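Form predicted alone, single chain, as structure tokens, below.
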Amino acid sequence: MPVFKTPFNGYSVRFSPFYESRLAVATAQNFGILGNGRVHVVDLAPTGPVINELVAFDTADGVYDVAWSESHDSVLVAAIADGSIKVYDTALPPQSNPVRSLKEHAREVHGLDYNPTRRDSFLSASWDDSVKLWTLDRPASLRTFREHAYCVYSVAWNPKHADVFASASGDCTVRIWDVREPGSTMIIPGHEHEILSCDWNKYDECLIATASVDKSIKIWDVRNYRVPVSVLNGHGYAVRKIKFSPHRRNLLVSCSYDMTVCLWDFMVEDALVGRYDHHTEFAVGVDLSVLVDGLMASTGWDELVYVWQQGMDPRAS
């Protein structure tokens, strides 16, 4: 399976919603503590297990996340450690990029999510405890959501409801928001420790997953969130990122500081259906392709990006 070496530590990887062989990778120097960053746009070679770099964009600060535009196949946004969001267009020459820099957050931007239904807006999550709503045609954010008491690490749009999203925070809660409402519509005190990631199920708009420093993943039904639908234990350290499958209702993938990527079926008793231990440092970025069933990607602090088919060994050539 193809592997791509990055000069800096990997932070996030995202499949393009338009091209089945294209991915974007966010990286940061010195484990994101201090130094530069780089966004890589890469293509899987059609002929063999090779990943080719299409273009790279350098930043003065680390890049913590990337998200592809859902409306323009060449546009992506990047979350930067200086509190800015950079907008890149791969159709333009490198010297014309970034095409925009959106700077409002007072601290690091840690998470991004593009609206998959409306396709015209995206959210940013920041260590300044806030979430902001943006469109590419405006230089200023449309709205700021401030309720969390600590860093917001992750945001996720609901796949069915264009105005609804969730945010995961170090204050140990996930909040559900509707952009038409003045405040959050629901607070789920999901874990005893920081919540690092959240994602909505792609087939049941009432199910949301949370991942925590407590090493667990929990599945919640927002219609009755007193008790989780399922608790997934198996990681040895904090669970950094989770993603529901775009193709299978009961499947989700996770990555952790225990250096593994895990695949789960949350509806069966033995929920852990796959464990991949190909990384040699913290595994911090994971994604599943919308266009190719079972195609997975991960990145980590070992400066490697792996792309593989579910059930295969990511290291097999």
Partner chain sequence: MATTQSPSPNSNDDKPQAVSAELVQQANQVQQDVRPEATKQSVPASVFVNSEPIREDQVSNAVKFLSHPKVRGSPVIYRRSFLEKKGLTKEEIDEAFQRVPDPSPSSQPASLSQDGQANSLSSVQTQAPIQTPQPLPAAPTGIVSSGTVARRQFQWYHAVSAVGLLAASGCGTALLIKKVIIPKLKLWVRKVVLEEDNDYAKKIDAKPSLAEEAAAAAKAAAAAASDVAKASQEMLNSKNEERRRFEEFMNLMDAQVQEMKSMSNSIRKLEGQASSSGRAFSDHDDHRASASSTKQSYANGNVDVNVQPGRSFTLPASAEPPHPKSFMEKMEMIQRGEKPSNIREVNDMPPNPNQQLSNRLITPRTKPWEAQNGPRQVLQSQTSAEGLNQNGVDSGLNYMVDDESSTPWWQRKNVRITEIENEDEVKAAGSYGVKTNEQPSVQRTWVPPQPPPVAMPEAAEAIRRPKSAPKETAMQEQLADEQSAAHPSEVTDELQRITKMSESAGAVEMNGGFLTGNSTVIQEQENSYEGN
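Numbering follows the first chain given and starts at 1. Only a predicted model underlies this, so the values are computations on that prediction, with no experimental measurement involved.
Although it is not shown, the form predicted in complex with the partner chain is what the next lines describe.
The closest heavy atom approach of residue 151 to the partner chain in the model of the complex falls within 4.5 Å.
Among heavy atoms of residue 45, some come within 4.5 Å of the partner chain in the model of the complex. The partner chain is not drawn, but in the model of the complex it has no heavy atom within 4.5 Å of residue 53.
For the chain shown alone, residue 310 is a contact residue for the partner chain in the model of the complex, at least one non-hydrogen atom being within 4.5 angstroms. Screening 242, 78, 81, 156 for any heavy atom within 4.5 Å of the partner chain in the model of the complex leaves a single hit, 81. Contact residues in stretch 272-309 (any heavy atom within 4.5 Å of the partner chain, taken in the model of the complex) are 281, 282, 290, 291, 292, 293, 294, 295, 301, 307, 309.
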